[in-house]
Structures are given as structure tokens and as C-alpha cells.
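Following this are structure 1 and structure 2, which are two forms of one protein chain, each written alone as C-alpha cells.
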Structure 1
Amino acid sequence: MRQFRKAAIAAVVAAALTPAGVAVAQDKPVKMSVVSFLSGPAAGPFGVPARNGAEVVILAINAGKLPAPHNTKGLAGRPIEVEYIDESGGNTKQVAEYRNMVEKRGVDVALGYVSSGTCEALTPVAEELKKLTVYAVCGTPRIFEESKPQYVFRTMSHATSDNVAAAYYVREYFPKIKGYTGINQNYAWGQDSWRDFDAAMKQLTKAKASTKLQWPKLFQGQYSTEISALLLDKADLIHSSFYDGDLESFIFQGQTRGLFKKKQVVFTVGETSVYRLNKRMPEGVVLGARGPYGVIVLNRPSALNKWFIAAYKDRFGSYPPGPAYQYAQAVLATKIAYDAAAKKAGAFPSQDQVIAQLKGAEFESFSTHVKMALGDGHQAITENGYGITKWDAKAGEVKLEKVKFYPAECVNPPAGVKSVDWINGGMKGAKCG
């Protein structure tokens, strides 16, 4: 028996050193964490659809079923082993979770994140741990304008694009607006959104900003006092970057008070709730999706987009909203970088080789062209646009009228220029066509 055991152990060791053993090593999965709000007020309208968008693409990548030219299996041939993590709980919890998944669970790629505050807290930690981190959403421009991360990327435009495009849209479709105000969540996302919209409005219109801005807490949920103040304000336009359960609560409470009939409202992230609210979405609202995301905003007839819409609807029974597109885009960007790095290296790539390929990358995503043009090649730019809500009784769904898109180089600052400086300086170099 001792001789048999020794022979068996020797056979196992020998097998591990054979080409077949090497092939097994090459099949070692790429561990990816996908972090999004899976509980709490942001989960239903944003976090869960975002997670679902990532899942659809990850499953297709592992099966080699994405449309060409992305129809090879895995990341550089290796399958993705994914762990879905809840973003709820605040920055301290997320920093601890990030450290745990990198240092203890051996994650190769950290992907996701919705909250701007979370991303601000995580960026220095990602740099400290030297781990490839791909932000799918979080909007504050500060991440790549106030530092130069080497391991962190964001694969969609930041909030400046949303708010400059909104100001252009207001100038074009509501030229008689005399005054504007805002209700935005009182943290990095809301503050930056209002800052850029206000600055762009000052450059593009003669409308006057209100001094009575509303700054409720994140996830506050109740807005009776704020709605009263908005109704009393002489400003005839309201800007809001609400995106989660706060958005839907504000809509319901505002409708009860007649807010949307008395004021023109601009929701920079309003598309996230269209599928959930359907007929309850107020008409005449200016609606954005933080770019060309969501079927209601833009349905490009590309093979990649047709596939994504069908695959998402088949799995989850609904059309993919903006957050699903945004997370799917982050996963696709990661695959493109891994595959390109492997092709260049002639072998499975190192993290540094993947980073080199993602830096400055340019590719067609599910619904738009993505260019990693800012932040020394770590920050994406895309086109951005808006439309006005209208209930289509015949179709039984909300439609958008007067949809207008603005080119990426029109609504994003040039490389090396801070957003606020660019806007306040007259948006020099903007290419609006």
C-alpha cells in the first residue's frame, strides 16, 4: 500500500509538470468582483439592473457568445469567476470590503461602484494595493482631475458631460427660461452636478440662478419642505441629479403637489426610473441617462446592441435601463483590454500589460463609441443627450420627444483641463458640430 501511495503521488506530480498540467494552470479563472447597490434605496432603480447588466455580459463572455469581434471565450481565454458584492453600508464598509477581497480573496479585477463618495474613498486604496479597478458609473470628475491614478479607470463620462449637455438642451428647447434652481443630494455627486450645470447655464444662457438651493441628505426620502420651497421659488426650471429611490420618492411627492405642471424639471439621471414608473413618470420632464444608455433614450441598430437588448430581456424580462448598459460597458472594456494584452504578449497577460491596453483605449460599446481620452487615458468620454417625456397610450409606454445628442468633444473638457476651469473659461475648444 505504501508503494502504491508513493506511485500515485509521483503520478500526480508528473501530471502537473506535463503540458496537460500546464493547460490546467492556464484555465485558472480571472477573479472579478462586481460591486453595486443590492439592497437599500438605490438597489431597485439602479444597483440591481446594473448588476444584471454585468451578469448578462459575463455569462456571454464565459460561453464565447458575445457578437464578433468579442466572441472568444473568457478574458484572454480564461473564464471569469465573479463575486457580486453589495455597495450599501457607506464608505468605511466599502473600503474594508475592498481590502478584504483584494488581500484575502485574491480578486484580479475590482469592477463596479455607483456612488461618487465611495469611489473617492476607494481610489487611494486601489492605488495603495496596486489593483486594477474599473469604475462603471460613479460620476464625480474629481477622481482623475485631483489625482493621477495608475490602477483605476472609469469607462463612462463623468458628471460634467451630463450637466453641460443639459445646459445646451435647455438653451435650445427652453430659450425663454428666466431663472433656475436645483435640488441635489448633498455629497460629491450632487454638489459637482449642480456646480457644472450652474456654470454651464451662466455661459450659455441669460437665465439667473436661484440663491435658495435645496440640498437634502442622500437617501432622505421625504421632501415636503424642499418641494414647498421649490414651488415658492420664482425660478421656472429645476435641475436635479437624483438617481435612486430618492428620485422616485421626489417624483411621487412632487406629482401630488403639482410640481411638474408648475415648473420645468430636468432630471440628469431620470431614465433609471422610466421602466419602473412607466405611466407614473410625469410628462414634459427633460430626461437624461448619463449618456446614450437605455432603450428609451437611444436604440442603435448595431449587432452588439441588438444582442444585449435581447439577452437582457430574455434573462430578466424587461428592457435594459441605463445602469445595465453602464456596467455591461465596464465588463466589455475589461475583456477588450485583456484580449488585446494577450495578443500583444503572446501569452496570458500580466496586470501591467492589461492596464497598458486599457489606457487610452477606444472602442464601440453596446450603445456608443467610448474613448479613454481624459485622466491620462484612464477616464472615458462619450456623447450625451436628452429628450422630453411623453406617454404613448397606443404603445403603452413612455417615449421621448425632441431627443438631441451632443458629441463627446462638445460636453467634455479637453485632456489636462479641469472641468470647472473649462466651463468657467467659456468651454474653449468644444467641438459641437
Structure 2
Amino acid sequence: MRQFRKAAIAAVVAAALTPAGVAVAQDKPVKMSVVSFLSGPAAGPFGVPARNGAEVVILAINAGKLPAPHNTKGLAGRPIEVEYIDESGGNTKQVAEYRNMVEKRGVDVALGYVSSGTCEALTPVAEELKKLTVYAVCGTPRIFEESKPQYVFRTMSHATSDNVAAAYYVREYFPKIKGYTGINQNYAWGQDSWRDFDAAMKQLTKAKASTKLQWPKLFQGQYSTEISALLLDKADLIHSSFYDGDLESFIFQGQTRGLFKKKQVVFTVGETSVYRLNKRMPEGVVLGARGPYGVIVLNRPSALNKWFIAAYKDRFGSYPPGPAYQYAQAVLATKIAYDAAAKKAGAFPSQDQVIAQLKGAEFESFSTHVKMALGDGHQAITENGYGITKWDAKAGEVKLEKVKFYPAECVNPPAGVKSVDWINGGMKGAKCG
């Protein structure tokens, strides 16, 4: 009896540890993991809309209901079997989880990731496991500048273009600015953002950077001393790459002290909070969305954009914010590569064939034109846009005024040049039209 029980336990354990049943090869769906913050402070404003954006597009792809020419069912005819994964828990957890995804659950495409640190940590792992990995967001330009990954792609511009475009926008709409300062979270994202903005401002304007920069720590939440310091600072423009809960706390606390009336504030990722804060969003603030996404492209009339806004609103009851667009774009890029590879191969494509199609691809996404131009065809460039907030009482919505887009080749470095060197070298080769 005991022997039997032992055997039974062993069998159960063995069953739990083997990957779920092997499906028949022919109808095998394409397994895709979509990874974004589903818990923690970045979930509400960023991770959950990102996941939702991906979901809307994946459901439409499986039903064959994307607007033409993408109205074929599935990826190269096979449905997507999607799993949503939480990005929180740190890089260690994510590396472990990525290995589980690929080695244990047999995922065909890993897609998503918001955090730059996580993307950097995963890149060598993706290369080691030779698995197609499409980063939807993460900021840092270093991934494709410091190495040449073969299996990893990113379908949106890196953070350099956000800050270069911000500097152009400041030059164009606020030419009288004499000095600028910054409040950025004291970690890689904030540090990189400030470095790029500061370098671009030095190239483009005569304004002087303040010597008193504010570096609150991540998720600090309480900014009274920083706001006092900013109000006392002579600089008339404030740069901030705040996002998630910190951005919203800073806005509330700054508003009561009149910060947004006394200083011109530029939020490079402020767009993520527009639909959440609505009327509480201060007027006259320069907002970016890390590219042409969200409220900045709300009025673009392309069929894909109209469809995406309608489909998202229909399912989730609000307009799609930036992260939703960015994740949707990554899913669409994957579909385009699969379909093109299938067409070329005349059969369901291998991973290498898909990668060959995604490399250097150029396509119309929901809101913009995407060109996989950098990092040997693995890193996308797109235009980048900013606007100024204005409360529209009649519509009961925040509208953006003076929306201006800068072409992709204007705000991104050319292939083969490191972002920092490019800005400091006078942004050579920029085509601003």
C-alpha cells in the first residue's frame, strides 16, 4: 500500500513538472507571453493599459478583424495563445520567469516589458535561449548600442528621441527661456532622461542649466521640499521624466502651490496620466507620450488609428493611453513579420524566417510610421511629438494645443552612432525637414 502511495505521489509530481500536453503540430497555436506591470505602483497608469492594448489587438487578430491589410486570421494563419505575465518583482525574478516561459512553457514569442533594467537583463538570456523577443517599451538606448542581439527587437524609439524632441519643442515654442532645471527620479531612467535633455538643450538653445537639480528617489511620493526648491530656482523651465504614481503625486502637490502657473513644466511621459487625472491635469503643461501615441494622436484620421481607438474604448471604456498604443504596436509588428515570412516561405515560417522579416521592417502602425532602422534593423525609430494641455470645458476632456511632431530622422541618431555621442557631437545627420 505504501509503495502504491509513493508511486502515486511520484506520478503526480512528474505530471506537474512536465510541460502541458504536446498538441498536434499542424494546429499548434503561436504561444505569446505579454509581460507588463500588473501589480505595484506602475500597474495602474502604465502596465494595465499596456496589457489591455495588446489584448484588443490579439483578440482582433485571432478573429481576423483588424483593418485591411492585416485582416487575415492569426499569425501566418495560426491563432495566438496568449498568457499575461506580471513584470514586477525585480530583474532577478524576471530572468527566472523568462527562462520558465521559454524552457518550461514553450513560448514562441516573448513580448512586452516596460522597465529598461529588465530589458537589459533579459537581452543576454534571450540570445542564449535563441528566442524571438519583442520589447514594446523600455527606455534605454544601450540595448542595441552596446551589443548586437540577433533575437531581440524593440518596436518603439528609445528614450533619447523623447528628450531631443522635448528640447526642439522648447526651442520652438518657448524661445525666451533663459534657464532650465529638472526634477527626475534618482535611478537609471531619470538619470538618462536628464542627461539627454540637458545635452540636447545645450546644443539647441542658449539657455543655462540650473546648478540645483532635484533628484528625489523613486516612489518617494512626497515632494514639498523639491517643489519649494523649484519655485526658488531662477530657471523658468522644469524638465521631468516622472511617470506612474510619482507623476500624479507631484502634479497634485505642485498644483496647490501654483508651480504649474509660475514655471513652464515639460513632462516627457506625462501623457499616461491625462485620461486618469482629466480635469485635475494642470493647464499649459508640455506633455509627451514617448512618441506619437495616446492623446497626442487622438485626432489622427488613419483607418488603423480610428479602429484602435474605437475597439479600445468599446472594451475598456476609455481612450487608449500611450502604453496601450506601444504594446499594440509590438503585437502588430509581430503579425506583420509572421505574415510576410509565411508569404515568402509559402508555409508556416520558422523563427529565423520571421526574424529575417522583422529585421529592418518598415510599416504603418496604429498611429505612426515605424522603421526598424537602428541596431542592425532591430531598433525602431518613429517621429516624436509634444503638445500643451488645455482643458476643454465643453467636451469635458483635456485637449492638446500646439501639437508638433518631429520626424524620426530628426530626433533619433543615425545607425551606428551612440545616442550620447550623437547629441554631444552636434546631432550630425539629423533631418528635421
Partner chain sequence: MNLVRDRTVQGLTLALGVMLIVSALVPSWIVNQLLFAFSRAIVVLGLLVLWRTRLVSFGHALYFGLGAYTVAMTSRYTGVNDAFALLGAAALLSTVVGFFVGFIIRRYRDIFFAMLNLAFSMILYGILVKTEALGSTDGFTIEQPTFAGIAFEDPSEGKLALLCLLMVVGWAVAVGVQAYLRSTLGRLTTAIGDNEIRVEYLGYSAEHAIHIKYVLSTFLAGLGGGFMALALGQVDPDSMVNWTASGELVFVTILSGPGSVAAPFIGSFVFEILRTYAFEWMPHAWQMIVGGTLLIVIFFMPGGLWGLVSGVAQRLTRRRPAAAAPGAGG
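Please read all numbers here as calculations on a predicted model, not as lab measurements. All residue numbers here refer to structure 1's sequence, counted from 1. Here the rigid core means the biggest group of C-alpha atoms that line up within 1.5 Å when the two forms are laid on top of each other.
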Answer check: the form predicted in complex with its partner chain matches structure 2
If you line up the core, does residue 223 shift 2 angstroms or more at its C-alpha between the two structures? yes
Given a core-based superposition, decide whether the C-alpha of residue 214 shifts by 2 Å or more between the two structures.
yes
| said: Quick check: residue 350 between the two structures - does its CA shift reach 2 Å or more after fitting the rigid core? | reply: no
After superposing on the rigid core, the Cα of residue 257 moves between the two structures by an amount in angstrom of 2.7
